[in-house]
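Okay, so here's just one chain, in structure tokens, the form predicted on its own.
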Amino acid sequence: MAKIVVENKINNFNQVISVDGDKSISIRSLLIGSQSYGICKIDNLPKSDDIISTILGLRKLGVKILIKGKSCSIYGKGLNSFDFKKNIIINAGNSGTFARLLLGLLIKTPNLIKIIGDKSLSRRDFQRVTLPLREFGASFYNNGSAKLPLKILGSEYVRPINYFEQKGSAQCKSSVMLAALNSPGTTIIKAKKSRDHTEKFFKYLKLPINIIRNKNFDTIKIKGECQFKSFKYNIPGDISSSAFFIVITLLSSNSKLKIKDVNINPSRIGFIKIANKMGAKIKILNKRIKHGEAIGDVFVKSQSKLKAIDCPSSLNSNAIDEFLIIFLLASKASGVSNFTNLNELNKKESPRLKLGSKILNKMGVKTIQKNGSLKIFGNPKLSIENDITVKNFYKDHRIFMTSVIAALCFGGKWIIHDVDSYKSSFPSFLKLLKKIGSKYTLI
């Protein structure tokens, strides 16, 4: 597998960039578009591996999808209109979002459909979605395992359910919401706070959804079997991808960066709130609403002094994909930062909490990891002189990108394996790094 070598810290820069389209919204637009009536037009679709897996999977189910550049057309035929042929096998690749949400749309399949994934995805828990989908009437066959591969068989007699989602998992909540579209009556979901792109999508399409928001939980009611028309959607920039460039700017000297047209959904900007609590001065400019989602331009400049944080666990679900890069900020902050209730991090593409701590240790940063918590002893003068090799990280795209940012900010000679991993979510990552002046070698 290809490796990247980084031997030089990044110099100061002043740039304007646009990151790839939001992966979470892109996958939802494809899945929901497949259930609409008419031709959907989706623009700014990222050419990431996870999106390609989603398109190929839907095509196997008989959905016509045409791609032209970063735009695609989805020819929908309405709810439950998949072509359920026999012996269909769908490879979700590395995408947990696609695999879990797709299962919600398969609860009426009259033939067994097999879902498989790569080595990393096949280690992840799927019982969190199969349990509520069984209540709708679907059956699952995976030899008693809670993981992939698994087979799903739908039911002719689907029923609405009452579901309590306690993990703060948007994937679980969204899978049940998509299943509710194909069930009669009203499905009621009580869900711990998490990203709410699916709810906003339903509202944008005027689907019959009612949401009662409380401090810690939302109650979502969805009336099923209501057909809806095709739509147009322009995917905003991904805040999770933006986080890497925000951090490299904060940790560099005399640098400024504007990232245009970024999704700033309140359920996704926990990272910005945490960084600002640590002394960053990240600003959101040109705020507006499009397709029900908040969008803005993110402006950030170098921050010479960062302070440690006792991170409120209430922000965890809103920053779950950004904690690895947050840990880099904490490593250069003054004082000891505390992060708690992060067990969910170890259930991602890799055991991220464990591996994130290990990478910080390689950098010379003291950490204490215990029971889903992490203490990081920051060093404002942190500078690396030694060689660091990062490998055996389950090809986790965020581990790879975090390591590259660390190398460019703190110095040393880094050799980071599995270069292609970043393509699963952020295909323009290396290209944008070059645009702001980064130097690296691929071997």
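Not measured: the values here are computed from a predicted model. Counting begins at 1, following the sequence as shown.
If you look for the form predicted in complex with a small molecule, you will not find it shown, but the lines that follow are about it.
Contact annotation: of the candidates Asp321, Asp218, Asp118, Asp297, the single residue with a non-hydrogen atom within 4.5 angstroms of the small molecule in the model of the complex is Asp321. In terms of contact with the small molecule in the model of the complex, the residue from Gly168, Pro132, Gly76, Gly224 that brings a heavy atom within 4.5 Å is Gly168. Contact annotation for Ser252: none of its heavy atoms lies within 4.5 Å of the small molecule in the model of the complex.
When contacts are judged by a 4.5 Å heavy atom cut-off, Lys151 does not count as touching the small molecule in the model of the complex. In the model of the complex, the small molecule sits beyond 4.5 Å of every heavy atom of Ser183. Proximity of Thr97 to the small molecule in the model of the complex falls within the 4.5 Å heavy atom cutoff. Using a 4.5 angstroms heavy atom cutoff to the small molecule in the model of the complex, all of Ser24, Arg128 and Lys348 count as contacting. The stretch in contact with the small molecule in the model of the complex, judged by heavy atoms within 4.5 Å, is 170-178, chosen from 200-208, 298-306, 328-336, 170-178.
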